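Below you will find one chain, with nothing else, as structure tokens; this is the form predicted alone, and questions on how it binds or moves follow later.
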Amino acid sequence: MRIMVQKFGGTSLSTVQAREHVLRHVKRELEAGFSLVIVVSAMGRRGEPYATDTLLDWAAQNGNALSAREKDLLLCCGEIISATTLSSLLEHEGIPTTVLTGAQAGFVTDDNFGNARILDVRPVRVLEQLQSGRVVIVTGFQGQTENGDFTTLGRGGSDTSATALGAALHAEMVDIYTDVNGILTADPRIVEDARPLTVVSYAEICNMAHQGAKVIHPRAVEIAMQSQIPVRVRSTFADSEGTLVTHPEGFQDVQTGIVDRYVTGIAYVSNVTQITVEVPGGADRLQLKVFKTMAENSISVDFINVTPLGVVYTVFDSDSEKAIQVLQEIGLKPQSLSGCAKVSVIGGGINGVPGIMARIVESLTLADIQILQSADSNTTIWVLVKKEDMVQALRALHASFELHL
């Protein structure tokens, strides 16, 4: 069988018109000879009846006392409604379907309710139904422990379900359908001349997703990368092929010369606080004290610079007050700067190329934007700026690297 996995997000299923587009994509791939597995998310967004956030709000309005285990049981309802709705529509069109929950599809997870990790995928029933000529619709975002408890995979879990199924089934392709036409060089709401990318590497899109681009979840990309399953990010509302996510070796099959680019895109994370802890002359085990204290208080840290005299790092604005308080309780005197934004310049061609950082500094200096902190990796350079400078920084960097061309 030529197996394709299609994943449709909440906005792809939330209206009659959107569901008509979904039917069109399904029919096209069936006519092309694919055996289809369709992974669905809960319909709509907060405020709409079956959305995940709406279910969470319902629980909050009714006692707000659900344990993590029972909350996962509630949240599984949204995807079940989506899956059965799509099944009914396809059956009406004469297309035989079978709906499987995450558990029935073979997803085995740990018992970290609310953010479970996939331990194994055993798609025996999926394969049985495909071999009988049926379209298999799987509820995304969910699995089951070895003890039989329902679990959810956390934000972006349906993307993760789709690529994990693609890997387990040795699918030819995983198509992630969303409300945007592929992956863009920057957020189009901020950078008006952001353009869609034809192809990106697994590493590039993983970094873009980690750094604030919300088109696909990084866990999903990591699974696809490990299994070497190509992924396309496509629009539900168009017929274009969107953005192909694959290994750089496959770029030439898509667009000649694209491997020569240095920078792929610009991303951002806003609403972060910079924390600086320094002790004149240094202090014994200072770094350990700081980061152990953060971990013990479940405060996520990012953008870390360590020197013999101290540490500089960021936390989300929502965690900053607590972070300052617990550091003071262990005798430290942290300084903080709230209202910052992390801007990321991402590209597989950055590594080993002289002048990339110089161009970043030059473009931000010309725009009169102060760089508060910087760091880099093989595929990403990060700069911390004040939040009020974020939009101008994104536009300046996008223009400087000619990503609009």
Ligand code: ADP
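As the structure is a prediction and not an experimental result, all values here were calculated from the model. In case it trips you up, residue 1 is the first one in the sequence shown, and so on.
Keep in mind that the form predicted in complex with this ligand is missing from the display, and what follows is about it.
key: Proximity of T246 to this ligand in the predicted complex, heavy atoms at 4.5 Å   = T246: no, not in contact with this ligand in the predicted complex.
query = How about P188: is it within 4.5 Å of this ligand in the predicted complex, going by heavy atoms?
reply = Result yes; P188 sits at the interface with this ligand in the predicted complex.
Contact flag, D111 vs this ligand in the predicted complex, heavy atom cut 4.5 Å = Close contact is absent here: in the predicted complex, D111 is far from this ligand, nothing within 4.5 Å, heavy atoms only.
inquiry  = Residue-level contact is defined here as any heavy atom of the residue lying within 4.5 Å of this ligand in the predicted complex; does D149 satisfy this criterion?
reply    = Heavy-atom contact with this ligand at 4.5 Å: absent for D149.
request  = Tell me the stretch among 327-335, 286-294, 170-178, 101-109 that has any heavy atom within 4.5 angstroms of this ligand in the predicted complex.
outcome  = Among the listed stretches, the partner-contacting one is 170-178.
request  = Kindly indicate whether N115, A224 and I229 are, all three, within 4.5 angstroms of this ligand in the predicted complex, using heavy atoms.
outcome  = No.
inquiry  = By the heavy atom within 4.5 Å rule, which residue out of V215, V121, V135, V315 makes contact with this ligand in the predicted complex?
reply    = Result of the distance check: V215.
inquiry  = If the cut-off is 4.5 angstroms on heavy atoms, which of these, L86, C76, A203, L184, is the one near this ligand in the predicted complex?
reply    = Result of the distance check: L184.
task = Would you mind checking 312-334 for residues with a heavy atom within 4.5 Å of this ligand in the predicted complex?
result = Result: empty, none.
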